[in-house]
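Only one chain is shown below, in structure tokens, and it's the form predicted on its own.
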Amino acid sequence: MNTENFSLSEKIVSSSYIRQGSQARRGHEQLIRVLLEQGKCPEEGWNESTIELFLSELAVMDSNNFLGNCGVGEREGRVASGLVARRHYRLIHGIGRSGDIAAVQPKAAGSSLLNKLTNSVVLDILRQAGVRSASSCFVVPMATGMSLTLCFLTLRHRRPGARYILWPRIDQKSCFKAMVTAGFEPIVIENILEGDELRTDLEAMQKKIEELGAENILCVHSTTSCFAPRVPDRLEELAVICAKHDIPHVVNNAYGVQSSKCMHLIQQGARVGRIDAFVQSLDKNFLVPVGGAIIAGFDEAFVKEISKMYPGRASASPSLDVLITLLTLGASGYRKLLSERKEMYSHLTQELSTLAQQHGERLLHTPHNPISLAVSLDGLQAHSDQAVTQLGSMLFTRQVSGARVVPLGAVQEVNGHTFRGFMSHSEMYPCPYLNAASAIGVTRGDVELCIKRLDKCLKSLRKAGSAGASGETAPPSAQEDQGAAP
């Protein structure tokens, strides 16, 4: 209520009680005022009452919620189900306009304000997470793969003669399909083995640029977050190479926001060389439903150019979800989640190392990967050729999600390209292994239960002496789905 309505209320209820209620209301409004004024994530999280009040205030600014509104167009924010309307807090119009996902809608001042504030709050969090020189970002209602495609399509207008994308190999289908869908030819740069780690082959990258000609290359498509034993690309060196040859550089940072190391690589790459855009998933970094991503960069004009490539209006659901989440957590709450993730990484490292030794295996040494870990399965392989894949099936049926068992010699064709040693990011990785990751939101209970069940599975397989003894099988897609990247 406004000041006038509070004054009128004093004629009905004791003025002292009304003043107390008015002061409580001003407490909520003060938080909202600071958000509008600063455009940053509040340090301390809001309670649900403040968030719901704020969203209600935004919703009444949209035309579909105007009292007496008469809509005679084809898109008037009409919703048949009250449940659907409540699910979206009556913010029905979405974001953007037909020519620009970041544009303001005349019919939807509230939804437009939601869009602008979300992008501003998310940019603040990206900076706090480590990429302090990021100049602009926007939330897009597509997962990481399609968001990468949007970046590539935007670069097409800047480099119309280019047909190739140089891509240090990472075995995740959507990364590869993002380039093919955009109409480009991916040039796969195989990784090199350094100890247990698979790292970027900078020499091969340089040779391929000289072979194809820089003018024929749309961009370098690098990766930060990935499954061990692959580790984040050498972003600083790649950024220098891109700057030297005037080649754009797009980074797949799918779940890298939660890692200070990944974010530092992006910050340093932009400082010493060239990074045009970096893309990250909303669900993997901010604990919201699947379906959104953040496209960010260091040149505000280029980020805006990408946003204008998105055709038509867009769903506001991912923006609404991440804004509610960040207002609930506050910057301090999000930093706490990041800190807890690091603690769980150390705990998972210790537990996997101990378990591996007990079963005659070893934790692969991958210090450059800050999220994912891998345990060798050489001993299990020695028991039976099928034992490794059987372990994956057993873990899946025992509700251990996210663990990823990688056998030797798998072959997979993706859009006409044959990947040998698929899922291991290399044609000739020397051993089969099991992946596990310490991602944001993982708990000590998750880690301990995983270790307990993994221990039982390994004991069962070794005791049986054959992979087929348990007779367990997983759905065909189970292994691929366990912990997919973008």
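Note that this is a predicted model, so its numbers are computed, not measured. Residue positions are given as counts along the sequence shown, with the first one as 1.
Heads up, the form predicted in complex with a further copy of the same chain isn't pictured, but that's what we're talking about next.
- A residue is said to contact a partner when one of its heavy atoms sits within 4.5 Å of a partner heavy atom; L36 meets this definition for a further copy of the same chain in the predicted bound form.
- Shown alone here, P430 lies farther than 4.5 Å from a further copy of the same chain in the predicted bound form, counting heavy atoms only.
- Interface residue remark: F278 is not counted as part of the site for a further copy of the same chain in the predicted bound form, having no heavy atom within 4.5 Å.
- Under a 4.5 angstroms non-hydrogen atom cutoff, a further copy of the same chain in the predicted bound form lacks E43 among its neighbouring residues.
- Note on contacts: among L338, I241, A331, V288, the single residue with a heavy atom within 4.5 Å of a further copy of the same chain in the predicted bound form is V288.
- The candidate stretches are 264 to 272, 93 to 101, 229 to 237, 295 to 303, and the one lying within 4.5 Å of a further copy of the same chain in the predicted bound form by heavy atoms is 93 to 101.
- Contact annotation for 170 to 196: residues with any non-hydrogen atom within 4.5 angstroms of a further copy of the same chain in the predicted bound form are K173, S174, K177, A178, V180, T181, A182, G183, listed in sequence order.
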